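Shown here is one chain on its own, the form predicted alone, set out as structure tokens.
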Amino acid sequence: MKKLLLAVLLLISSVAFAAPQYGGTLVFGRGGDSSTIDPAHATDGESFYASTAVYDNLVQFKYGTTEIEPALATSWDVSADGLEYIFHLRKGVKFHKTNYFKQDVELSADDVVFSLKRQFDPANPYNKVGGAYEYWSAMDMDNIVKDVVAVDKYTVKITLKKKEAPFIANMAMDFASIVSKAFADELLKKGKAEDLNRLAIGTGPFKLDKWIKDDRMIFSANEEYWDGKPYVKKLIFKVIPNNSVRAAELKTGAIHIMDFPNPEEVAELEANPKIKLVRQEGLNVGYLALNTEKKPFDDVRVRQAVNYAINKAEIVKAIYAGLGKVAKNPIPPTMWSYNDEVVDYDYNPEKAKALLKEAGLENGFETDLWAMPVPRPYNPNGRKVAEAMQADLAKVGIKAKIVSYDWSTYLNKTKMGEHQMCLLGWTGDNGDPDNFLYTLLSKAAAVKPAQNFAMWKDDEFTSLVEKAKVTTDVAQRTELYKKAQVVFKKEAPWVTIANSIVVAPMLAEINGFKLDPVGKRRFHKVWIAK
């Protein structure tokens, strides 16, 4: 009888321990700081991490997937012609109260109208605040959205100018997050509208308490969160630029989860009994963009020569250390419409020299090569990749000077096309090829500040991806995207480098953490076993 009772108690204990536990402070170690916390102005992953913690969207990606589910909108209706979307808002959702905003405000249709219209309506007082709305432009939303109106307190109507196949998925992206109109109005009255870039009032699972630039962001749990309060009481994003230092901090327990370890350190971390790893094939691509507005990269032969000159397989082997595969297309192989029939440029220095000679550059040329200062999922070490490319290019007579800046400056300068060549990459935001092909490579995306860092303006390519946007037939879209990938490879605005496997090491007591295919880091369901 005693043995049976003991067994029952052990079973109850193990079940209780397996259940999520509330409380504690979770520290997330990341490689760089956010450039802004305003989701409409954010364009980089580090900024999205923070805005995702604070803000919600009308719809969202189901945790760990690209499947759409209701969020601030409980449901939506679409007109027969696909041009009108009616969103029905969740009632009783409250915006955060913080030490810098103390009003008791319920989410309403006015907040949705404000959050979206500020990005395209010149009459909105925030239309010129914080600079250009780059993501809105890169997603071509000016040519998609006609108007956003409040039907009543809990109903919003969005009218489109034309059909947009990925529109609902677009509404789950960070730029479409819902911010508090009341908070924005209060800042405006104080003459501090720009503070929307560094202070945040949303409806999300965490409230922003404090942001110490280039050091840490401190969040507290939103106890009234509509989807259940977070398990952890405090969340800290700690900036630790060096990958190895982040790993050392994880081993000591100073941080609980780390972003982007050095690939060569993964095996050691995985062997540590105090640490566990989550890994997933990333929806990403790392690349070298060749600025087609600057000579000699306006010549396709030069761009092709650079592609032939770089030994991508060796770079992936040496620097990605088993956590990447050579990329040949601008979309990852896990994405629908990937064209596997495209033939990549092989490593062929002699062919590179022949093309340079044909372009009148037999003696080579001098250029710059910009290297990212932070690790990203698509590139674990920008400096090392740049150095490997520098050595390869030198063999064909191209003398490349490596240039770098802090992350925010790097992004701002490359968006304005100041570089000749720059290393960057992309993690898909919505699971749709449009988010890579149109957002990164269309003519519209080359308008500065650009997301098309090659400043490439190809009529044939843009025509194909524009046609794909306005048809809902997946088979037709697939064929258009496959043709676009052929044009891309021939014209060579990028050197595609790698599609990576994303790894997140964490302490063994961390539970509930998933890697999002769209590159988010979400902590609402994460808990610490005591």
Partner chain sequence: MKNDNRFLEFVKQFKKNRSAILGFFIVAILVIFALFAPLIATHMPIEQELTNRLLPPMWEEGGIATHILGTDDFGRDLFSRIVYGARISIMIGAISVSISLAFGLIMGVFAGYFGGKIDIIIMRLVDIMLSIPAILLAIVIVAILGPSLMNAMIAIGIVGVPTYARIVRASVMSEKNKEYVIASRVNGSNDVRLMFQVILPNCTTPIIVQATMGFASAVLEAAGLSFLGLGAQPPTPEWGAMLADSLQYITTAPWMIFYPGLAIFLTVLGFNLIGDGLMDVLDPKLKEK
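On a predicted model such as this, the values are computed, not experimentally measured, just so you know. Each form is matched to the other, and the largest set of C-alpha atoms that superpose within 1.5 Å is called the rigid core. Positions refer to the first chain, counted from 1.
Not pictured, yet referred to below: the form predicted in complex with its partner chain.
- When its partner chain is considered in the model of the complex, residue 291 lies well away from it, no heavy atom lying within 4.5 Å.
- Within this chain, residue 245 lines the site of its partner chain in the model of the complex, having a heavy atom no more than 4.5 Å away.
- Under a 4.5 angstroms non-hydrogen atom cutoff, its partner chain in the model of the complex lacks residue 279 among its neighbouring residues.
- Within this chain, residue 264 lines the site of its partner chain in the model of the complex, having a heavy atom no more than 4.5 Å away.
- A heavy atom within 4.5 Å of its partner chain in the model of the complex is found for exactly one of 185, 387, 358, 299: 387.
- Between the options 318, 105, 168, 326, the residue in contact with its partner chain in the model of the complex by a heavy atom within 4.5 angstroms is 318.
- Just one listed stretch, out of 145 to 153, 69 to 77, 333 to 341, 236 to 244, contacts its partner chain in the model of the complex at the 4.5 Å heavy atom level, and that stretch is 236 to 244.
- Remark: with the core as the superposition reference, the CA shift of residue 230 between this form and the one not shown stays below 2 Å.
- For residue 392, a C-alpha deviation of 2 angstroms or more is recorded between this form and the one not shown after rigid-core alignment.
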